[in-house]
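For reference, the chain that follows is the form predicted alone, supplied as structure tokens.
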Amino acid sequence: MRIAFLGLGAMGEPMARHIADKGFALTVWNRTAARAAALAQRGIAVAASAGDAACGADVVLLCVSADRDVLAVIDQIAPGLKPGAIVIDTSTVSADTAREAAQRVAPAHFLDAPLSGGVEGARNGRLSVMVGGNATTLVQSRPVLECFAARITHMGEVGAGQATKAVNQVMVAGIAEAVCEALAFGERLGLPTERLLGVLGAGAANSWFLEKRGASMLDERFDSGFKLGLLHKDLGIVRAMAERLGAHLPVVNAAYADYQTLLDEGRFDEEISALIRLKRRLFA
């Protein structure tokens, strides 16, 4: 099976490595060519364009940042897709964009397959993949997805994967709001932070976010993990979906506003736990 991987960011690069480590014939492409250099040194083929990478591939995976980027790459690869090729978009975009991408690659097959698990999950090959599209196409794609996934769940037709990711991001944002606010509160109360993290992590308040980001945020380390600018983008997608349903999501709106404040301060590339910066200001 010949694989093309397009987009070698913080998530995509380790995912591509896992695919290569499983012995697949892999060709990669990234908009910034320098990011492919480390993979090239490992003997992985690097294409000059997205279209070149995808031409003749059995499975093409995308991992890029935004809706417009997904559709731009789709338009580049669609003319050269082989009959029966499978295109898997692991980006986080709207369900409408997923359905549009599926139409543009037809008659090739398409799966929307956003991810959860963070950069650590990508590095460790332990991501959760939520998939929309044809069930048979997913069965054919599983050997590739299993290279970097601990769990692969079929959620329905094209768009269902992205809808599931929207639900996921509501929870991510809400948990971040609560954990950052609580730890800022604990600091202000003068509690010993190491013991505070230990007791919280052993009880009902525990979460992935607290375990992975509690100590780093209290140490003012915001240089790894999921960028807050990307969560802000995702929450924009959620807000648009909720608006079409006539719904008001207070948690999402509060998180969106908080991350907008951090973006206005130039903190796009900081990890989402940088939200504690704002929460500390509540006690200034």
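From 1 onward, residues are counted along the sequence shown. Just so we're clear, the structure is a prediction, and the values are computed from it rather than from any experiment.
Keep in mind that the form predicted together with another copy of the chain is not shown, yet the notes after this line are about it.
> Want to guess which of 82-90, 184-192, 69-77, 102-110 is within 4.5 Å of another copy of the chain in the predicted bound form, heavy atoms only?
Stretch 184-192 is the one.
> Identify which of A37, L245, A48, A257 has a heavy atom within 4.5 Å of another copy of the chain in the predicted bound form; exactly one of them does.
Residue within 4.5 Å of the partner: L245.
> Identify which of S116, Q140, N124, N134 has a heavy atom within 4.5 Å of another copy of the chain in the predicted bound form; exactly one of them does.
Checked against the cut-off, the match is S116.
> May I ask you to state whether P250 is within 4.5 Å of another copy of the chain in the predicted bound form, using heavy atom distances?
P250: yes, in contact with another copy of the chain in the predicted bound form.
> Does another copy of the chain come within 4.5 Å of any heavy atom of E177 in the predicted bound form?
Looking in the predicted bound form, residue contacts with another copy of the chain include E177, since a heavy atom lies within 4.5 Å.
> Check M241 for me: does it contact another copy of the chain in the predicted bound form (non-hydrogen atoms, 4.5 angstroms)?
Looking in the predicted bound form, residue contacts with another copy of the chain include M241, since a heavy atom lies within 4.5 Å.
> Would you check, heavy atoms only and a 4.5 Å threshold, whether L210 touches another copy of the chain in the predicted bound form?
Answer yes; at least one heavy atom of L210 falls within 4.5 Å of another copy of the chain in the predicted bound form.
> Is any part of 78-98 within 4.5 angstroms of another copy of the chain in the predicted bound form by a non-hydrogen atom, and which residues would that be?
Result: empty, none.
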